[in-house]
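Just one chain follows, in the form predicted alone, and it is written as structure tokens.
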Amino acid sequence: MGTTASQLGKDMLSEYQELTFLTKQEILLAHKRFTELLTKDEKDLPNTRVQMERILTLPELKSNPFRKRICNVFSTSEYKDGGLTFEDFLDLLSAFSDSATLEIKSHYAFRIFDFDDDGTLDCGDLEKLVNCLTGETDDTRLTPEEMRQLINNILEESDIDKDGTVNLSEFQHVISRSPDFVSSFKIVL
């Protein structure tokens, strides 16, 4: 994979197309957008990682309430800093593409919502999820009682084995009954 960030050969383009749910045109556009985030010096380096702060300047992520979690989930950085390589960026776009399967989308949605990365959605994860969706201002924040009731309702509906958490298979079961999930879980450049 030793090509520099500013070049994308035909062989790499074909490989990326085979490994993702993206078309050649989408990969080329993704490469263009990723390269625009690089500094002049970074464009000549192989496998450059763009810091999360620069990734978050993309309009497609800027208004997403889960933008930082998305970067952290797709980042392969050993520093857990949310920085993305071009291949990380392609993985992100692939999972959020129209062509990605329900299984892929629900898997990544679960990982994004699993704020503590413990493999389950517990009360803490669900509270953070609700706060991301409603906003954390005084006008939009739920009262503690409203939050407790909402989390209880979510668990009542989703927690099939009644262990107080939602695991991946329970989450996928709920998502499979949400017809608009696949069409709404997307990022288009």
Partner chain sequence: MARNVAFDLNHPLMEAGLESPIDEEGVHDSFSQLIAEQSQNGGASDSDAFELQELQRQLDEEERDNVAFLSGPGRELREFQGRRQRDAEWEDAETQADPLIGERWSSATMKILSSMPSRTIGRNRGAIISQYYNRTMQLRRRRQSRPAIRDFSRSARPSIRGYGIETDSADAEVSKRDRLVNNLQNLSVSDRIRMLRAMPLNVSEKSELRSLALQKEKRTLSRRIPCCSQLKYYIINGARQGWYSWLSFLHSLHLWQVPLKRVSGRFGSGVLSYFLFLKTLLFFNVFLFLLTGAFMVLPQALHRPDTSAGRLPFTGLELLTGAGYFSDTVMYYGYYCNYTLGKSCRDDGWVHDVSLSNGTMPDCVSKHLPYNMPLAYFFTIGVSSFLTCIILVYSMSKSFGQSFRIDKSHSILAIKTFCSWDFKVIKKSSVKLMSENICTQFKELLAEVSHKQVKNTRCQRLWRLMVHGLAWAICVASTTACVLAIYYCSDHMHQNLQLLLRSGVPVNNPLLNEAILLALPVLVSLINLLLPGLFNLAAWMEDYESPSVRTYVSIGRNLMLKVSVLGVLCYHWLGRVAADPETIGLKCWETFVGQELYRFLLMDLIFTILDTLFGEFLWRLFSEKVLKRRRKPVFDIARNVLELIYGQTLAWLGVLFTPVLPAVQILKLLLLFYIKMSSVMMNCQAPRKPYRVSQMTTVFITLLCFPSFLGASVCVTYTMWSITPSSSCGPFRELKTMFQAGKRWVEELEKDNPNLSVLARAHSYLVENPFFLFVGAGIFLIVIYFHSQVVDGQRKIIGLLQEQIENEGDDKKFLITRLQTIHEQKRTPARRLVSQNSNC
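Residue numbers count along the first chain shown, from 1. Note that the structure is a prediction, hence the values are computed from the model and not measured.
One more form of this protein, predicted together with the partner chain, exists but is not displayed; see below.
Notebook entry, point to check: Any of the heavy atoms of D81 lying within 4.5 Å of the partner chain in the predicted complex?
Noted result: Output for D81 is no: heavy atoms all beyond 4.5 Å of the partner chain.
Margin query: Considering non-hydrogen atoms and a 4.5 Å limit, does the partner chain approach N64 in the predicted complex?
Written below: N64 belongs to the contact set for the partner chain.
Item checked: Contact flag, E42 vs the partner chain in the predicted complex, heavy atom cut 4.5 Å -> Because no heavy atom of E42 falls inside 4.5 Å of the partner chain in the predicted complex, the answer is no.
Notebook entry, point to check: Using 4.5 Å between non-hydrogen atoms, is Q7 touching the partner chain in the predicted complex?
Noted result: Flag for Q7 set to no.
Item checked: Heavy atom contacts to the partner chain in the predicted complex at 4.5 Å, residues of 129-145 in sequence order -> Contacting residues: L129, V130, L133, T134, G135, D139, T140, R141, L142, P144, E145.
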